[in-house]
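Given as structure tokens, the chain that follows is alone and in the form predicted on its own.
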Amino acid sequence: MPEGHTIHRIAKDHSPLLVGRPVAVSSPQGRFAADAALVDGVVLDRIEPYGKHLFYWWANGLVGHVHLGLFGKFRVAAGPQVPAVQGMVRMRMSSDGGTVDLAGPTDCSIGSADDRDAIIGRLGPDPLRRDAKPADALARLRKSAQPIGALLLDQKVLAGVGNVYRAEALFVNGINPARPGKACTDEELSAVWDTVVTMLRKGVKDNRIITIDRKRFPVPKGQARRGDTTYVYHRDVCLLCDTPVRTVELGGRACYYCPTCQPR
């Protein structure tokens, strides 16, 4: 499942192609046809990312919602020429700027601003947004007896963090993922938030996940293997101390950590 930086990058990359233009919206697959008809030919005002969700604000007042989930993917073709459909496309958006095809999302729907607000209301603050309120996330972390490694994956606590960033942010701050949130100090929790913000922002800029200190460790150019750009995630040994990396299942996912660098 894409982490929050990917969603913000999608909004950034797709906006010049679609926003401010009339957009032909269709559903080659057919499953989105009724909703597509509600906004077909309408001007798209903006694309709003929040955590792992995308919201499409249309000039007629309707708001689209996309959640990629595990299998959702976009295919983009710039320019006015509309390409042939490839595979099972749930939603196609075409303008004179380009065509964006969406396949395999967990959710793709058209609703109202109230529907959008209801989704946002179930989520914690998004560290990448200017209107984020870190105090809300820190308060939830501070009072919970759950392991912090599970809390960081809980989108109700903070939105957009996935398996890679939670492992790497905890590693950078020397926190064992099994430690309860309420056993962490205010300074530690604030540092985790700040680390997540920094990592996500770099992810948006680079369009890839790189959590290691680039001044100390070379970063492979182009497509990197898992573990080449992280301290512990998907690595056999810790990048800093060569201790064998361990995993613990938290939040339904394996969380990577170093027992030497994150002893408690």
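One-based numbering along the sequence shown. Model, not experiment: these values are computed from the prediction.
What follows is about the form predicted together with the DNA, which we do not show.
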*Going by a heavy atom distance of 4.5 Å, is Leu70 a contact of the DNA in the predicted bound form?*
yes
*Do Arg253 and the DNA come within 4.5 Å of each other in the predicted bound form, heavy atoms counted?*
yes
*asked:* in the predicted bound form, is there a heavy atom of the DNA that lies within 4.5 Å of any heavy atom of Arg235, even though the partner is absent here?
replied: no
*4.5 angstroms heavy atom contact with the DNA in the predicted bound form for Pro105*: yes
*Taking Ser109, Ala118 and Thr198 as the candidate spot, are all three within 4.5 angstroms of the DNA in the predicted bound form by heavy atoms?*
no
*Tell me which of 218-226, 56-64, 235-243, 27-35 has residues with heavy atoms within 4.5 angstroms of the DNA in the predicted bound form?*
27-35
_Quick check on this chain: which one of Ala145, Ala135, Ala78, Met88 has a heavy atom within 4.5 Å of the DNA in the predicted bound form?_
Met88
*Would you kindly say which of Val164, Met93, Val157, Ile175 lies with a heavy atom within 4.5 Å of the DNA in the predicted bound form?*
Val164
_With the DNA taken in the predicted bound form, which residues across 39-63 come within 4.5 angstroms through any non-hydrogen atom?_
Lys52
